[in-house]
Ligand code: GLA
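Below you'll find only one chain, the form predicted alone, shown as structure tokens.
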Amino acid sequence: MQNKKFNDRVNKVLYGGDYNPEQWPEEIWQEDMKLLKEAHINELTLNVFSWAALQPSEDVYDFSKLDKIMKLVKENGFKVMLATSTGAHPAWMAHRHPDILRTEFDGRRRKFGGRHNSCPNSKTYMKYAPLLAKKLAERYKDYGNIVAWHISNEYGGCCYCENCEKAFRQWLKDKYKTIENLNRAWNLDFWGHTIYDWDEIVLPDLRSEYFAPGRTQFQGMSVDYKRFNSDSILKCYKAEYDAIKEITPDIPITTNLMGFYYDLDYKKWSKYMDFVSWDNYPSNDMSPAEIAMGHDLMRSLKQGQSFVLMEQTPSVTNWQPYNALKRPGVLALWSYQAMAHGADAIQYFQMRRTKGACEALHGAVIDHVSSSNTRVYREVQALGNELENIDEGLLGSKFDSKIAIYFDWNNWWAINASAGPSQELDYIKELRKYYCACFRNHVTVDFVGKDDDLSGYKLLIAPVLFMSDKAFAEKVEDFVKSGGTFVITYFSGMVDEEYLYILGGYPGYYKDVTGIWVEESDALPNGATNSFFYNGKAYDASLICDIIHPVDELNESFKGKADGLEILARYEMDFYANTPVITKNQYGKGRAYYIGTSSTDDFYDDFIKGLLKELQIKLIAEADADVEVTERYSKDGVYTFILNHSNEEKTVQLQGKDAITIAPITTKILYKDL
């Protein structure tokens, strides 16, 4: 795959988003052009849901309306991200070719309707979707204002139909090669599930291997199906990517991701995206740190390459339980927050509010009143005016993170499939505890996967690393031996990538580097706590309590030693009182911490603060926790973003600078020459 970056084709911050003029009579289009230009909009994402209009039948294509739209926006000076429209197939396709329709987890075959209702293993879909992409590329290849291709829209979901069952069998053949390997990997001797022929394999769903949604009887099988489904949908994306790239090799290609989205392994997907883009729709109760965490994940997918904020709402969503407005100033604050974490474009859904169906109450730049005299329009306009004055040197600028958090979709799927220990265990919540502590301490964090380079980091944190492979464990050992600091937690090192439990004691491949052995794990009911003292302060221990011993107490045959092991905290209660809960092991030039429980924010804040001091990781600023400070580095200088998420005026002390005062719900961007 060629790596055509988005910012290779632009020289300023792009500002715009989804525009659907095909939903409106043509006399409104000219009015829109005027209003959008006055709002300093300079880019439009077109053609996102036009498949039915573009292809009214198998062999009939009609580009006449899109031709007019493309001509209009070009004449008015707008850049374009051109979508392929394949996020929702036409009704005639479902009626004439029902193999395109998905089957739900309970075995129900869908009828036409909604979105994401195309089976990724349908021959019909795989014929018509890339063909439409190819025809669009052929028709508009010479339009110089196209800055990117936008394939489909918000891919997601799963299918459990006969198409997928057959494709799953082939996927398994390719992976395991022999039936014997499959039986071993899934441990099919259990309950007499031995398979003798590939055609005996059925999908893991409510009709087969699930007690109930979320409760599978064969974890290896279920995780393999998650991998297969992600690969199947990726295959659809790649088919369109290849069709377009053959015709327009120099135009970068993306699809809009959705942050911590469960069903698709975005780390694997990012290898086939020229640049990452995503849609940021925080729930009303999300903190600034939680929002920032999504941005940092997107930036990290391609190891620090800047991304595009493809969608956000200018004002209000329409699909949350309580659809609160963005308060005055928040539109600009959250837009700058995206840039503070790596965005090179700020975009909205949608340009004009639609007049019917489920998104008619979703926010837009142009409201139903069709006036520039609205609060939202004025805020969009003001932000657009500011963005026009941002130095183009910001585009593509990098971050200098010394801290990495390990995150892996396979591990997420594996934890959710596990038969125990607690229904309260939430992988993302446990990641968030460490990330938010870093955020509140004003240091930048990257997310890394098993194939990423660790050499530039001082600190690697791997919360709840339940599933791991030996190669990554060896990479961690090398990282620590070379002087890195590694933090791993309870419920880690338990299964390999085939979901077979690692024999010989937990945390499996990490016993040597941590110097400890976990004998048992106690699951505490919701609200119940143990406690421990760390650095002279008392903290809660909750959710899971690992019962820990030095690794050389495991058995006489174990060759490992824990000569550098320190016990930093012990449980205060229950039959395992006075046993270790937090340990630190010297390993080569580095050290590994094991955190045997889940705790509260005050513990994570203090723990991270201590590590930052120990590792001499420079804080970007000294400020209250509700003030966010980040730095982006170009070849010429440093861009410092200061964001005040509070309703009070705040003072920020930057490293090497005088104190800076910043108003409530606002942002400052400072530039310093290198």
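Don't overthink the numbering: it's just position in the shown sequence, from 1. Just so it is clear, the model here is predicted, and its values are computed rather than measured.
The following text describes the form predicted in complex with the named molecule, which does not appear among the structures shown.
- The shortest heavy atom separation between R115 and the named molecule in the model of the complex is within 4.5 Å.
- The named molecule is not shown here, but in the model of the complex it comes within 4.5 Å of a heavy atom of E359.
- E154 belongs to the set of residues with a heavy atom inside 4.5 Å of the named molecule in the model of the complex.
- Contact check for Y262: no non-hydrogen atom falls within 4.5 Å of the named molecule in the model of the complex.
- This chain lacks the partner; the member of W319, Y196, F575, Y501 within 4.5 angstroms of the named molecule in the model of the complex by a non-hydrogen atom is W319.
- A single residue from the set E240, E311, E497, D446 has any heavy atom within 4.5 angstroms of the named molecule in the model of the complex; that residue is E311.
- Only one listed stretch (146-154, 405-413, 457-465, 95-103) carries heavy atoms within 4.5 Å of the named molecule in the model of the complex, and that stretch is 146-154.
- In the model of the complex, D279, Y281 are the residues of 279-298 with at least one heavy atom within 4.5 Å of the named molecule, listed from first to last.
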